[in-house]
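First, one chain by itself in structure tokens, the form predicted alone.
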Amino acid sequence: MMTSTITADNIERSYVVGKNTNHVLKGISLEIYPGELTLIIGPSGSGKSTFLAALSGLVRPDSGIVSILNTNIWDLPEKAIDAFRLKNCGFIFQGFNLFSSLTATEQVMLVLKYQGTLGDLAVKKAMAALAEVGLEDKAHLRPLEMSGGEKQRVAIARALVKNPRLIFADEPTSALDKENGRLVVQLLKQTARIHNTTVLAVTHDPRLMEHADRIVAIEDGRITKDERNSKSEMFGGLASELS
């Protein structure tokens, strides 16, 4: 039986606004597995992004347990949580989060610098990650010289370069057109398959659903659906499309 890389047990989270308390997560329990692309879907305000943040060590839940790689992350000190994320997790965001003054290679190398990898080895690893997303010929470009799809692929390369056990993606295709969105989601799926990575993405983009291995729907702070996608497409041919 496959062992989960993420286990959430009875996660609750509330926000207080003025005199009102908004119960965003209402006792969610879930296990996420490696080698799969899992999507969390739901309407705006459903709690899906808060749930992703709680699972990835970015937002502390009010109660419940989040175990990643058999580590209860919310029992760790803040600095230890940061170190855990740096070592084990890659992040991809809707807005790309690229630095305007850095080339694609430099964007990817920045993560390696925080891990202590410098010089020729960092360049080699960065170029390999860019090649994996089909951007080795764009390594010298800065964000203003790239399309939206290329920027997001640089962000994926940045997440991949340290060989993370888990990748968390928050609305990774919402700013992209249909074709670039398809390439990005297939890259995420390819990453899960080839590297046995746990890839967890939050989205409201219906285009992603046919590519997911598993779809978890959240509404009003609770899971309303959790099912595997028997029609999930494989990533065959993607390498040739990116070349």
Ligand SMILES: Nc1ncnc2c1ncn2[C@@H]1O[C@H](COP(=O)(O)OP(=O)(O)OP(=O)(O)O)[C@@H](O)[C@H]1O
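Heads up: residue numbers just count along the shown sequence, starting at 1. Predicted, not measured: the structure shown is a model, and the values here were computed from it.
The protein also exists as the form predicted together with the named molecule; that form is not presented, and the subsequent description refers to it.
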| query | finding |
| --- | --- |
| E171 within 4.5 Å of the named molecule in the predicted bound form, heavy atoms | yes |
| I11, heavy atom within 4.5 angstroms of the named molecule in the predicted bound form | no |
| Contact label in the predicted bound form: T50 to the named molecule, heavy atom within 4.5 Å | yes |
| Partner proximity in the predicted bound form: P43 to the named molecule, non-hydrogen atom cutoff 4.5 Å | yes |
| Residues of 6 to 32 having any heavy atom within 4.5 Å of the named molecule in the predicted bound form, listed in sequence order | Y15, V17, N22, V24 |
